[in-house]
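Before any questions on how it binds or moves, here is one chain, the form predicted on its own, in C-alpha cells.
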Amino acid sequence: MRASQEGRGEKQKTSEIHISGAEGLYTLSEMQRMLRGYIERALHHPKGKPDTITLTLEKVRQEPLTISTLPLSTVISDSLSEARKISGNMLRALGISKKALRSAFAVLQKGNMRGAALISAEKGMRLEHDRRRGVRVSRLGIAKPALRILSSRLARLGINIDTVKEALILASKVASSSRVIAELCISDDPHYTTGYVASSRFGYMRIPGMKQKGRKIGGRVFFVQEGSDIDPIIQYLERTPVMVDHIGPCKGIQQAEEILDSHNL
C-alpha cells in the first residue's frame, strides 16, 4: 500500500508527498482483512489525509527465504544531540566513515522519501538509480507463530505496536543482505521520534529522541560496502521474498557502551 498527497514543488509544479506505506506476504484467506487494515491506516495517518491510495496485489511464485529477526534493544538518550551521537558512534564502530554519516543525515533531514537511500560506506556516495524513488524494500512478511512470539515479547517491554514490529521485520531483511553493513532510520511520522540503527553485528537498536516532535523529516539509509555492485543488492531487497520464522532476543534497555563492549570493539 502506498498513500500520498499532492503538493507544490519548485515553480508551482505538482509534487508528491509520501503519507504512508505498508507491505506484507499473506495467504489468500488473509487478503481482505489486510487490505481493509491498510486502507484504514492510510486514511488515519498523522501526516494527513491522502489524495491517492494505491493498493498492489502480486502473486509471489518464488518460495520465500526464511530468516530470524535481529536482536532488539533500546538505548536511552537524554537529548537530540545525544541520540545523534549514539547513532553516529555505533555506525562509526561498524566502519561507516564520517563523510558517509554526513551524507546520510543530510538525506534524512530533507525527508519526503518514498524509498531508502543507498550510500557507500567510505566515500558517502548516493548509489540508487532513482533518488526520488529510492530503494523500496518489498516482499517481506512474518509467519503467524513467529508474530505471536514477537508480539508477546514486545508487550513485556511496552512496545508492542505495528511501527516497531514492521520496522524490525524490514530491518532484519535488510541486514540479511551480505553487502549491506548497516541501516539508519528516522521515522517520518511527526509524532514518533524514535529512530534506529540496525546491523547484523549489533542487532536492531532503538534510539528515542532522534528528531524533534512534530517534524515530518525522516527516512531510511542503507550503508553498503564500498565498490559493491548495487544491482544484486536492489534485486534482493525489492524482489526476493523473505519470511521471518524465528524471533531473536528482545533485550529491553541497554547502554550503548554495553552493546559495544559485548562485541569486543
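The structure displayed is predicted, hence computed values, not measured ones. Residue indices: 1-based, along the sequence shown.
Below, we turn to the form predicted in complex with a small molecule, even though it does not appear here.
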_Counting any non-hydrogen atom inside 4.5 Å, which residue from L150, M113, V164, V75 sits next to the small molecule in the predicted complex?_
M113
*So in the predicted complex, does H18 come within 4.5 Å of the small molecule, heavy atom to heavy atom?*
yes
*So, in the predicted complex, is L101 in contact with the small molecule at a 4.5 angstroms heavy atom limit?*
no
*Any non-hydrogen atom of V137 within 4.5 angstroms of the small molecule in the predicted complex*: yes
*Would T193 count as a contact of the small molecule in the predicted complex, using a 4.5 angstroms cut-off between non-hydrogen atoms?*
no
*Any chance E23, I186 and G219 all have a heavy atom within 4.5 Å of the small molecule in the predicted complex?*
yes
*Out of the stretches listed (114-122, 77-85, 91-99, 142-150), which one is close to the small molecule in the predicted complex, meaning heavy atoms within 4.5 Å?*
114-122
